[in-house]
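In the form predicted alone, a lone chain appears below as structure tokens.
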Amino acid sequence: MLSYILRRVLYAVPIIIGVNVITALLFFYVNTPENMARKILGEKNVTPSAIENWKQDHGYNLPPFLNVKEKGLSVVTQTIFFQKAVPLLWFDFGRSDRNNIDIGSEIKTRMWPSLAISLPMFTAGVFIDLFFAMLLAYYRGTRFDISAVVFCVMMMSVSTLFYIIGGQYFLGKLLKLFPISGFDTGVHSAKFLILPVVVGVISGAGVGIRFYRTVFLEEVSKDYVRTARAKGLSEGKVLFKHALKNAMIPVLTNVVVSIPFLFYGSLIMETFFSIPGLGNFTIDAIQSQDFAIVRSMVYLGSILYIIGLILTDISYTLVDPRVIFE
């Protein structure tokens, strides 16, 4: 197991470097430092000297990848790529282009509000989706199952914005059960988190229930389930004891790969509910053209995705003894 994990981590290294290089190409060639300066300083009445001063102050005055004016290692080190992109490999995110804040400190601070909303939303969503999916699998082919599937498709067809705005209007404005938006620290944050968690669970229920229902229906049609029924086991015991256990690999694939992204937050949810998390941080950076923050969040997202894939593979051994890592 340890050797397998080590191999997977080593396989991830070239992927991470590739993401870093491609991101640098997009930011330093497609979107040149001159364009960055114009967008941050303002498109109108920006003088060439102001652009050069901004580039000098933020370290964008160097060549992108190779500095032919230098000698030795300085040919590589005295470049924008080495100064801005390479430090991301050891999680040195640097400072933002617009207001010079420390990006690493902001990520550490904003990670907790993102977890405060995404963790309960994720946990409640998984249990609710699994419960209703198993219920539909138990009553498969009945009017209840068909009606529920149609309702799930209807829920999937509605934009997340509808649930957010509808939840804010009915539960926040009309019924005044929860604050429409905002955030607080400590126990006082609970009243601000209930509404986005409820909206998040409801908006994702259609997709989750349909996916897990398909997984369970595939299991109940297999030979071992028919054998269990032939031995006289009840339908509930067959479904909840045997089928559930054997359906855990696709369930874990969907669940575990999502866990690292709990730190990343929800871009839309945090923006509409004014949650000061990483999702809101990313949206603000895109709107303000702060490319240093956007680069950092793209890199962080790739790291989290790779961690999710490794955790998924490891979790397979917990539910399926047939999975052997050599």
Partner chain sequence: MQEVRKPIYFKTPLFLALFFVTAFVSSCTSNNPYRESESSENILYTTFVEPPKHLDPAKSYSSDEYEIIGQIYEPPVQYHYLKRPYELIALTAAAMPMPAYFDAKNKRLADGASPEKVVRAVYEINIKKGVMYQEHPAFAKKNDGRPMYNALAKKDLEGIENISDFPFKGTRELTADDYALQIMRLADPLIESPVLPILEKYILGLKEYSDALRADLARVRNARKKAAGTSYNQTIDERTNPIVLEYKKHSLPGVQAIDKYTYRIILKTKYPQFIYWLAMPFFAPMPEEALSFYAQGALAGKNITLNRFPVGTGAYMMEKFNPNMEIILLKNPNFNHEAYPVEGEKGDAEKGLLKDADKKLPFIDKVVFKLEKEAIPRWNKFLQGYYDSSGISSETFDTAVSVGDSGRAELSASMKDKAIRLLTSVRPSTYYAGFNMLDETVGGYSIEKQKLRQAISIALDFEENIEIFNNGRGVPAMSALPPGIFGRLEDEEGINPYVYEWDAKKKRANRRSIDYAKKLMAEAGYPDGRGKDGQPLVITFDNPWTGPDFTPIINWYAKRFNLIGIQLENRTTDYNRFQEKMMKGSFQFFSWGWNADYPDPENFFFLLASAGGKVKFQGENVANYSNPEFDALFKKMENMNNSPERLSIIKRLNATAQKDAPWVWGYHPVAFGLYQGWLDNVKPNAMANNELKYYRIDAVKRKALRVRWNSPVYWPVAVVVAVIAAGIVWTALSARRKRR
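Keep in mind the model is a prediction, meaning the values are calculated, not measured. Whichever C-alpha set is largest while still superposing within 1.5 Å between the two forms counts as the rigid core. Positions refer to the first chain, counted from 1.
Below, we refer to the form predicted in complex with its partner chain, which is not included among the displayed structures.
Engineer: In the predicted complex, does Gly206 have a heavy atom within 4.5 Å of its partner chain?
Structural biologist: The answer is no: Gly206 has no heavy atom within 4.5 Å of its partner chain.
Engineer: Residue-level contact is defined here as any heavy atom of the residue lying within 4.5 Å of its partner chain in the predicted complex; does Ile128 satisfy this criterion?
Structural biologist: So Ile128 counts as contacting its partner chain.
Engineer: My question is simply whether Leu89 lines the interface with its partner chain in the predicted complex - judged by any non-hydrogen atom within 4.5 Å.
Structural biologist: Contact with its partner chain, no.
Engineer: I'd like to know whether Val46 contacts its partner chain in the predicted complex, with contact meaning heavy atoms within 4.5 angstroms.
Structural biologist: Residue-level check for Val46: yes, a contact with its partner chain.
Engineer: Out of 16 to 39, which residues reach within 4.5 Å of its partner chain in the predicted complex, heavy atoms considered?
Structural biologist: Val30, Asn31, Asn35, Arg38, Lys39, in sequence order.
Engineer: Tell me, please, whether between the shown form and the other one the C-alpha of Trp54 is shifted by 2 Å or more, with the rigid core used for superposition.
Structural biologist: No, the C-alpha moves less than 2 Å.
Engineer: Core aligned, does the CA of Phe272 move at least 2 Å between the shown form and the other one?
Structural biologist: Where the cores coincide, Phe272 shows only a C-alpha shift between the shown form and the other one that is less than 2 Å.
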